Structure formats: structure tokens, C-alpha cells
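Before any questions on how it binds or moves, here is one chain, the form predicted alone, in C-alpha cells.
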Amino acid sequence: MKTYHIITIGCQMNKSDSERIAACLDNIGYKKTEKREQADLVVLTTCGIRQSAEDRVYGLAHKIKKENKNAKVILTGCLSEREDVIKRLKDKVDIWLPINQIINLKQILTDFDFRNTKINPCDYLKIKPKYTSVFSAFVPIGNGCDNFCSYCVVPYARGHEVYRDAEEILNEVKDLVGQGYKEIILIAQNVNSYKSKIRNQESGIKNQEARESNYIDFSHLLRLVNSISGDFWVRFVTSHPKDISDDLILAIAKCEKVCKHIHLPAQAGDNDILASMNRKYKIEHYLELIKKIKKNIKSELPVAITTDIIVGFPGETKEQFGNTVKLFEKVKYDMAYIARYSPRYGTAAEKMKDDVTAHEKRKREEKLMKILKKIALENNQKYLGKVVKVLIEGQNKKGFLFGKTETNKIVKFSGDKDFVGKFVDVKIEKVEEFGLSGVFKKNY
């Protein structure tokens, strides 16, 4: 029996794609192996969002062929159609596979000319994945992006936005919940743009507003997923600030299964830089959204807000960076993923002069991290003495169990490893910038 090994680089969407690739390979007779040096087939699910992720792919491709000359290498994901990458790795990669073509994987492995096959870019999401977890599952609701932020490769790598039918998504979630899954993570490049026609008027979609308009948007979808019977949480990523509606904020607030955590990438705190990034909103709009979120989403503990930030974007002056500092101080983020700008092949920003030095980018990143750590610690102080519900994800090398709260806070404590994949209550006795520690109180 031939064996395969999959290496995933990047975001939740890439992880979900790898689960579908694994399912396809299982279905055609391959067997998974953890030892890539012994695999007949090695799949690289790639990410081109940051230069560091791209560089990792180059290193891995060379290493794989060096350690296993007989392995066939498939490269899929964001870099699979980049001509410069194809040229650079032409002797290291055997098959270049656009992700939506994985439904043709059996034919592709026998030299089928898949590039001439026209296919709906969302069809591959109908493949039932080989989930890597037995309690937490990614459920893609669509693929692609129409925003064309000037720094981002995703629209070129994945194409325009295409979304799955609501019935299809709901059936997948129902199946997962029926199997005992405790966490459903709805994913897309921009979940807020979701829209699906109601194909079947006799379907289980009972939302009156949706039925009258003959389509549902993301807020309707959240309500429908929330109405599915079972004890589980719902998360979602990623949101674009220009597309968050008042109704979506209300849906998050009212749906008891939807976690009170919103990842809302700001990318910068200055309007001129946002315009240069083609983000299509101003910082005043972003701050108004934050105000509405904090006002309307109420629970025992404050809603958690996280973000993505790029420092050193072309033309960003010290004064403009100062506006990002002010944004951090106003919003008081629980977490921020800060990246130093790097030009991405084929994007509009690639043509701009990368005029902020590497040293200055590092200084700006360090300044934001210093602010973030201080604010995150202050936010976490509110958890001291509280009993919080935690979904246990695993056990670390020191024997501590760890998991997350509905507000996406990492919690560790001593407990039985049989709790992994279950909800438990933990009383918080110690807080750090990016983590909480406590003692077990009860399990569900």
C-alpha cells in the first residue's frame, strides 16, 4: 500500500483543505504515515501570506527531495499557481495542484490533464474531510476573496468569493454535533460576506426574514447553526470590518452557543495607510464597530477582541504608526498578531517602494507588543477568582491540561487526561499576559 504525508503551512483554511486532501488519498487507497522520509507521496499545503511562510516551503521542498528522492511531491494551496514559485521549484515538485482540483486527485496522480478541467471553485468543499480532531472541526462556508487588499495574495491564489449552500453547511454541522463534536469553527476568507439562496423552500430553514428574501446572510447562518440541538460552541474567522452589520453583532450577542470572541483585523490605525492598503473603511468606522460590539455583546466576562496588524507598510511614517499605537490604547485588544510588512508577488503593494527599514519595522513591532502585553494582562485580571467553562484541547509535556474559554483565553490546570475533548469548569487563580491558570471545579 502506498503511503502519504501532508505538511500544512498557514491558516485554518489550509488546515481544513489538508483534511479534505487526506480524505481523498484515503479513498483511493493511500495510507497516512507520520514519517515523511518514508512516504511515497508528500503533500505541501502552502501559504503565501507572509514571506516567512513562503520561505519555509522552499526549504521543505529541497529537504523532502534530499531525504527521499523517490517521493512524489504535490504542492497545493496559495503558491500552487505562482509562476515564479513553479520556476524556482520545478525540479523539486512533481504536481502543481490548485486546491479546487483535489476532487480530481485520482486522475491527477495518473497524469490526467487537470488544468483543462473547468470546475466550480467551491465544489471541493463537498468532500467529507478526514478530521484531525475528534472534538473540534473546521467547517468552511466558502472560498476566495473579493476585497483585493493591496498587500494580500489571497484573491489571486483562491479567486473570487464563492459560498456553499446553507443546507449543505447545516447538514455538516448536524453530523459533527451528532458525533459529539464540541466546537464548530466556521471559516472563510471573509465570513461576513456570506450569502446563500434558499434552494429548497421545504428545507429546515425557518428564519422568517431569510425565507421572505429567499437568501440568508452570515447573521442568519449563525442563528441557524445556533439552533441545532447539542452542547457545543460556535466560532468563526475571519471578519472584514467593512462587512460587519448591526444584525451580525446582535446575532453574536443573542446566540448562546456563539463564542463571545471576535477577531477583527484592523491592519493599521491610520486612514491614509488604510486607503493605501485598499481596506475600504476608515478608522472612525472601525472604532464605532468596537464601541457597538462592547456595548451589545454582554456576558459575565467582557467580549474578547483580537486583531491583525501590519507594521512598516510602504510609506508608513512614524506619525502614522503613532495612530496605530493610539488604536491599541483605545481598543485594548486581548491579542494581536503583528507582522512586519513584506512585499508579496503579484500584489498592488509589490509595486510600492518598501521604504521602512527592517530595523524600524522591528522597533514598531516591539513597541506594539509592549503595549499589548500590558493591556492583555489588565484584561486577564478580570478573570481572577472566576469559574470559567473551558474546552480541553490536550495535555502538555509537564502534565498540565490546557484548553480555551469561549473568549479564546488559554487556560491550564492539573486534571485527568480523560477530560480532553470535554467541557470543564476551572476556577482561575493566576493570570499572565496571554494565559490563565486555575484549579478544576467540575466536568459536564
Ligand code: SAH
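Here the structure is a predicted model, which is why all the values come from computation and not from measurement. Throughout, we count residues from 1 along the sequence that is shown.
Although not depicted, the form predicted in complex with S-adenosyl-L-homocysteine (SAH) is the subject of the following passage.
Contact between Leu75 and S-adenosyl-L-homocysteine (SAH) in the predicted complex is not found at the 4.5 Å heavy atom cutoff. Residue contact with S-adenosyl-L-homocysteine (SAH) in the predicted complex: Ile310 places a heavy atom within 4.5 Å of it. Shown alone here, Ile297 lies farther than 4.5 Å from S-adenosyl-L-homocysteine (SAH) in the predicted complex, counting heavy atoms only.
Taking non-hydrogen atoms only, Phe138 never approaches S-adenosyl-L-homocysteine (SAH) to within 4.5 angstroms in the predicted complex. Figure note: of the listed segments 93-101, 177-185, 332-340, 288-296, the one touching S-adenosyl-L-homocysteine (SAH) in the predicted complex, with heavy atoms no more than 4.5 Å away, is 332-340. Residue Gln267 is the only one of Ser276, Gln267, Ser193, Ser219 with a heavy atom lying within 4.5 Å of S-adenosyl-L-homocysteine (SAH) in the predicted complex.
Interface residue among Ile49, Leu60, Ala39, Ala376, judged by heavy atoms within 4.5 Å of S-adenosyl-L-homocysteine (SAH) in the predicted complex: Ile49. In sequence order, Tyr151, Cys152 are the residues of 151-178 having a heavy atom within 4.5 Å of S-adenosyl-L-homocysteine (SAH) in the predicted complex; the partner itself is omitted from this view.
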